[in-house]
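Only one chain is shown below, in C-alpha cells, and it's the form predicted alone.
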C-alpha cells in the first residue's frame, strides 16, 4: 500500500456491559450464547410499554453521575491494561447520545437543574479532570454511531501529531427518555431483539461504556506494549433521507463501508467478518442487508451482531462492539448472534448462530444512527 498512514493500534481496553464488567467476561458469555435481556420490575411499575432491556444490575453510582462513573471505570481498566502512565497531552474523545440522561429526565419532572453540566461534554471533561489531562478533546453526539466517530477522531489526532496517546470510546447510561422515544417511533421490540431474523420486531435498549487506549504503533512497540489490534480507517456518510428511517436501499450505509475500504487500501474480498449494526428493526436490518449485498455481492463474509445479547447501548454501542471485534481478532473467532434463528428470506443474511473459529485479518464494525448517520470502522489483526 503506497503512502500508507502510520499504523494506529489499540493497546488497552476497558468496559462495563450488561453481560459483564470486563472484556474477558463479556467475550466468554457472548461465546456461550447468553443474552442479558430480562424484564425490569421498575420499568413495569412505572408504566412503560416496554419493560425488557439490557442493564447493568451490579453497578452503583449517583444517578446524576452514572455516565461519568461508567466512563471513568472503563478508562481506568483500559489504562491499566495498556501499562501506560498517560502523558498530560493525551487526547480524550468520547461519544454518547444523551449524556447524563437522568438529569434531563429530572428536569422534565420539574427539578431545578442546570443541564449544561450533564451533556456529553461532561463525560469528556470528567476523564480529563480525573486523569489530569490537557490534550485535545472532543465530545461527539452522533447518536448510535458516536463510538465509531470517537475512535475516528482519536485516529485523526494521533496521525496529525496533536496527541501522542488517546483515550477514546463511548458511554451511555440507561435512558428512560430513549425508551419512550424509541417506543413512540415504533422501533422497540417487546420481547427480544433478533438481528436479521425473519421474525424480528425491533430493538431493546442497553447501556454501558467501552474506552480504549490508542497509540502510534511505533510508540507502543518502543515501550514494549502489546498491540491488541490495528485501527485502519473510518468511513462516514449521511443519507439525509428521514429523521428516523434509513434510506431503504442502504446506499449511504454502503458508501460508509466503501469509503472505509478505500481508505484502508483493500477491496471487499479482503474482509473476513462484518460486525453488523443489526438493530433488529425491520427497516434498518433490511437496508443494512442491501448495503452489504451491494458491497460484497454473492461472496458475503461472516456476519454477526451483538444487540440480541447486550441490547442497543446507543452512543456506546459501537464502542462495546469494537471490543468484541478486537477479541474476535485476538482469538480468531466470530461470536454467535443471539436472537438470530431464521434468516429473513428477503434480506438474505445468515448471521452466525454459533461461535465460529476461522482466520480473521480484517473486520468492519458498522454503526448507523437516526438522521442517516452512517459509519464503518476498519480493523486489522496485529501481527508481530
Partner chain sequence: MTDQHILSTLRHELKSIKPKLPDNLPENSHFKNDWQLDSLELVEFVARIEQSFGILIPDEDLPDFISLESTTRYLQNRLTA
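Positions refer to the first chain, counted from 1. What you see is a predicted model; the values in this text were computed from it and never measured.
This protein has a second form, the form predicted together with its partner chain, left out of what is shown; the following refers to that one.
Mapping the unseen interface onto this chain, residue 186 counts among the residues with a heavy atom inside 4.5 Å of its partner chain in the model of the complex. Put simply, residue 242 is close to its partner chain in the model of the complex: some heavy atom of it is within 4.5 Å. Residue contact check for residue 270: none of its heavy atoms lie within 4.5 Å of its partner chain in the model of the complex. At least one heavy atom of residue 283 is located within 4.5 Å of its partner chain in the model of the complex. Here the chain stands alone, but in the model of the complex its contact with its partner chain, taken as any heavy atom within 4.5 Å, falls in 244 to 252 among 83 to 91, 244 to 252, 297 to 305, 208 to 216.
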